[in-house]
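What follows is a pair of forms of the same protein chain, given separately as structure tokens and numbered structure 1 and structure 2.
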Structure 1
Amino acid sequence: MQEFLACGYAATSMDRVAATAGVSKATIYSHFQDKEGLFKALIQQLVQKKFRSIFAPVNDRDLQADPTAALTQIANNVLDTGMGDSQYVNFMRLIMGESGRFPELARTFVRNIEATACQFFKQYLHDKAEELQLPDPEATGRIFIGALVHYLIVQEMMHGKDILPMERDRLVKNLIFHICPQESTPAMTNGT
């Protein structure tokens, strides 16, 4: 996996995979049909692993707090997953870059990661829909996730930190503000 994450699918050689794993190529080919079979198995395994590491810390009872605090906590959990973790960034590069040739792996990713996150937000926001005056919690959830993931993609994956600088807290505060305007007010950047 380490090799695939670092080099992408096509540029990864089975020679290096074997060397890194400390076995011979023949051993690998006795366990997997071919390079494609190995890749699919490894990605599926990694999706499961990332799935657990993302949604383990969220299932706290941070959710009992008021929505502003809870959503801030959740947003920070999502960003913590990817912002510092170069392995996760490479994982996204790989699965997005190969989503054309391995559509089933992309769907596995969507089913496990994206759909779970959307389902979670949908449920949470549905429960708070009255309080927050949300007409469509599911759509709001996708906006929430989209803003966070896109921030991660531009800043980390696409090396945009210096070109489009934006403090993490600033994005989160404004995002919360647009979801719960009644309860939060971010710092002003613009007076007029």
Structure 2
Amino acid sequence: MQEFLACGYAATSMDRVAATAGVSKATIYSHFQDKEGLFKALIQQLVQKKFRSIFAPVNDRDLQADPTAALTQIANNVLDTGMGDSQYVNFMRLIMGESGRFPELARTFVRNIEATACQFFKQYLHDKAEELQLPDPEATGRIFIGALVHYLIVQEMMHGKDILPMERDRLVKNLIFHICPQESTPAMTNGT
């Protein structure tokens, strides 16, 4: 991971990866076949780690209870995970920066991270659709994820905290209000 983050995907050599890992190049190739295979394995490892850190703290009982509390907890877990892990932020920058030259790597990322999160929210909101009066649970889930990802991209990856500041609690409360209006109250704006 550190070699890809330091050099970018194209400039990372398998010789340096092997040296950093303390193994032979043959060992890496026997496990991952090529650089793309290694990078895909890193994406999958990241997905598992991030998905657990976001959703593991939310147990089945929490999901069956109040949707406002469950969605607030999940939103905060997403933001904590994205804002508290510089390696993750840098990895996201790398994926976005290399997506033009290596679209298959970006597709792997979307297939593993975005699709996993979208599927989770689609199912969760489908199960709560009648209670929350949601006409399109899948679109609502994508809006939820999209708002959080946009916040992370602008605030953390693009260094926009000073240009477009917004308190995360204000974002989360208003996002939840739009999904669960009968169960929550929006955060008051301060004119910014």
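Residues are numbered by position in structure 1's sequence, first residue being 1. Computed from a predicted model, the values in this text were never measured in an experiment. If you superpose the two forms and keep the largest set of C-alpha atoms that fall within 1.5 Å, you have the rigid core.
- Remark: structure 1 matches the stated condition (the form predicted together with a further copy of the same chain).
- Once you line up the core between the two structures, the Cα of L171 stays within less than 2 Å of where it was.
- Relative to the superposed rigid core, K161 undergoes a CA displacement smaller than 2 Å between the two structures.
- With the core held fixed between the two structures, A70 has its Cα displaced by under 2 Å.
- Once the core of the two forms is superposed, the Cα of D15 has moved 8.0 Å between the two structures.
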